[in-house]
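Below you will find one chain, with nothing else, as structure tokens; this is the form predicted on its own, and questions on how it binds or moves follow later.
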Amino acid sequence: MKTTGFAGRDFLAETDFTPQEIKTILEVAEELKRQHGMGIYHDDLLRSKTLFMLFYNQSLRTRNSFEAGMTQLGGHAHYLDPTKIYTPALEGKEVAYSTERVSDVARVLSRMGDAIAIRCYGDPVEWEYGGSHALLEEFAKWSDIPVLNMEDDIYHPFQGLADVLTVKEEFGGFKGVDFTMSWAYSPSVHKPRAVPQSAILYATMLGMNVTLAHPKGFDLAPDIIKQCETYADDAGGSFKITNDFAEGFKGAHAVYPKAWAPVNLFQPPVGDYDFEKSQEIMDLYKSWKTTSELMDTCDKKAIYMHCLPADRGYEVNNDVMDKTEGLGWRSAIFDEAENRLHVQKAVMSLLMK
């Protein structure tokens, strides 16, 4: 496998890489996973290298998959809580003796480690759409080492990689796979767009037949939609949008029903930054919940997908989430969760070597 051309690059968005480069990452992830299953660990790949992980938001899968991955590759991951250090902040948003300018933090960490991974979305940037991505871009501007996006308000590229690896494992490839990314109800409005946007970007990039299902008022970013249309044309797949929940399930091979916030939640000019109004809109669509009956309308070998954590009883019923084996459709959520480890190891081994 050709793996040149990756070293030293940032991974802020899947759109920064060509479809062939994404396929290469998936191939490396598959091989690392295969060898992991055989008890073969490549603890020489990143021996003595350091990954700094900066979490503005809480995490289970992301933190532990990156930490475990660095350990298995021979390196070490440092967990950094912005509330326990001088919080990195953009110029103009600094507070004396509480924050430190991003440009300074990036250059300091560059002298001490080998990559910086950051998770930031929502409340830390007061739901300014694009605000957290701008923070990551500022880190990348000043950093001499790769900057990795562990989820911001636009992209969740590592979750998306795990998603498409799961699809590839299940169906052997991407051509002819009918993939539905759907909104689902949650009683919490604090749900960024990053997961659905990355999911449809990867799925169209790799040539799947993609359906995006959501109620009116839950539109994803126009530039993301335009990019998906371009990817679908280039890869020979398809892309369509529907406001009908059930339609997204009919005959689908992979369904991915997950909550995200209505447009109103974000600050102007995207929305009007109104949490109360956003909650009222969310509550209009409590029927958008995945049930076994809906899953029965999918392809007989369909998989149910979710990035986790899922709001059980709201987004999806227990009998769907927990059907991980048996005849017919099944839940692939724990395959996705495990695949976070393998795709991240692949990216780190390529970018940090």
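Owing to the predicted nature of the structure, the values given are computational and were not obtained by experimental measurement. The numbering used is simple: start at 1 and walk along the sequence shown.
FYI, the form predicted in complex with phosphoric acid mono(formamide)ester isn't displayed, but the following is about it.
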Using a 4.5 angstroms cut-off on non-hydrogen atoms, would Arg340 count as touching phosphoric acid mono(formamide)ester in the model of the complex? yes
Using heavy atoms and a 4.5 Å limit, would one call Thr62 a contact residue for phosphoric acid mono(formamide)ester in the model of the complex? yes
Within 4.5 Å, heavy atoms only: does Leu45 come near phosphoric acid mono(formamide)ester in the model of the complex? no
I'd like to know whether Gln159 contacts phosphoric acid mono(formamide)ester in the model of the complex, with contact meaning heavy atoms within 4.5 angstroms. yes
Only one of 288-296, 304-312, 322-330, 26-34 has heavy atoms within 4.5 Å of phosphoric acid mono(formamide)ester in the model of the complex; I'd like to know which. 304-312
Among His253, Arg119, His214, Lys191, which has at least one heavy atom within 4.5 Å of phosphoric acid mono(formamide)ester in the model of the complex? Arg119
